[in-house]
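Below you will find one chain, with nothing else, as structure tokens; this is the form predicted on its own, and questions on how it binds or moves follow later.
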Amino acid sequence: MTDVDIAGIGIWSERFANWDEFRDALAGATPEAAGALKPELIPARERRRAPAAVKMAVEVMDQACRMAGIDATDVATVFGSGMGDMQITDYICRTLADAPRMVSPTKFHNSVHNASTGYWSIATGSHLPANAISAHSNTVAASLLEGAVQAVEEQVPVLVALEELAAPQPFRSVIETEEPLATALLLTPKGHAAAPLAALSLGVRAEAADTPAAMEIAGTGFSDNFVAPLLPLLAALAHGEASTTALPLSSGSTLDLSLEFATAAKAAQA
């Protein structure tokens, strides 16, 4: 088992823009449009050119650091997305087919899978490691395991950011995601954070896991989003409830997540 603490959380969708609004949605409030994404860490000029995937990631990463009260320059990062920026991929493929010389240099620049970690590192001035992972539907498990092991082995806070965009039509045969979803968990070594939200234990077993049942939140369309399997754990965090979650890590292995709360952390969630 690998044991870490969760010190901060960030979350964004088109229905709720932060952790408080997510908790309201869980309590039965009807989610409304979250409004335009304007992550403050990215300067206005760069923000206008940044794609939605970058804005989503930077927004939730900033939220998690702010909640934890940890300087963004002091955290390593792991960014995970099963399909990457499908919107830009679709644009580039269509443009290459019709008018190859018209591909936008800015969109090409933003098409790489680690674009979000690049924007984050530049915006925060961080020199700590920044990794990017893509493992299709196993991305959440792979990213959390990478982040937790790095936090323990290197004894540094690690910010794990996970996101998936809505899928344009050509991608619907692979993933039928209707709405984008992004979340971030700031994982710290045991004892590093003064007041962690919860303790998280991660273990790997050599057995295939069933695909977790989709968690429904009224008014949203996350059922096929690759980040959605993490929603039950986030709901348990919001309610201050201990929980166990099994996520597919590969075709023959499973990542088991166990969430526990100290008395003080549990009271803070109420």
Partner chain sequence: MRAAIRDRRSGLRRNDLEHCDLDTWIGRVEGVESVVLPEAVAHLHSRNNQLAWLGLQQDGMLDSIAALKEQVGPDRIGIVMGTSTSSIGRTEEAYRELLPSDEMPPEYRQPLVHNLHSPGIFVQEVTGIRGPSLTISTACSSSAKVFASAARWINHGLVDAVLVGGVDSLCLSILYGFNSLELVSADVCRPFDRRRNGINIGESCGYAILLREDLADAADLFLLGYGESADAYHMSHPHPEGKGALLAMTQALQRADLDAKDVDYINLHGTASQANDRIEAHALGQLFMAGTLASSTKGWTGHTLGAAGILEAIITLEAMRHDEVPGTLNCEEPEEDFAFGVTRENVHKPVRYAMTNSFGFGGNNATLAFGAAHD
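Bear in mind that the values here come from a model prediction, so they are computed numbers and not experimental data. Numbering follows the first chain given and starts at 1.
Beyond the structure shown, there is the form predicted together with its partner chain, which is absent from this document and is the topic of what follows.
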With its partner chain left out of view, which of A193, A166, A199, L128 would have a heavy atom within 4.5 Å of it in the model of the complex?
L128
Answer yes if any heavy atom of A246 is within 4.5 Å of a heavy atom of its partner chain in the model of the complex; otherwise answer no.
no
Determine whether any heavy atom of S250 comes within 4.5 Å of a heavy atom of its partner chain in the model of the complex, and answer yes or no.
yes
My question is simply whether A242 lines the interface with its partner chain in the model of the complex - judged by any non-hydrogen atom within 4.5 Å.
no
Does E154 reach its partner chain in the model of the complex, with heavy atoms at most 4.5 Å apart?
yes
Looking at 64 to 72, 203 to 211, 22 to 30, 227 to 235, which one sits within 4.5 Å of its partner chain in the model of the complex if you count heavy atoms only?
203 to 211
Scan 132 to 146 and note down the residues that get a heavy atom within 4.5 Å of its partner chain in the model of the complex; none is a fine answer too.
A132, I133, S134, A135, H136, A142, L145, E146
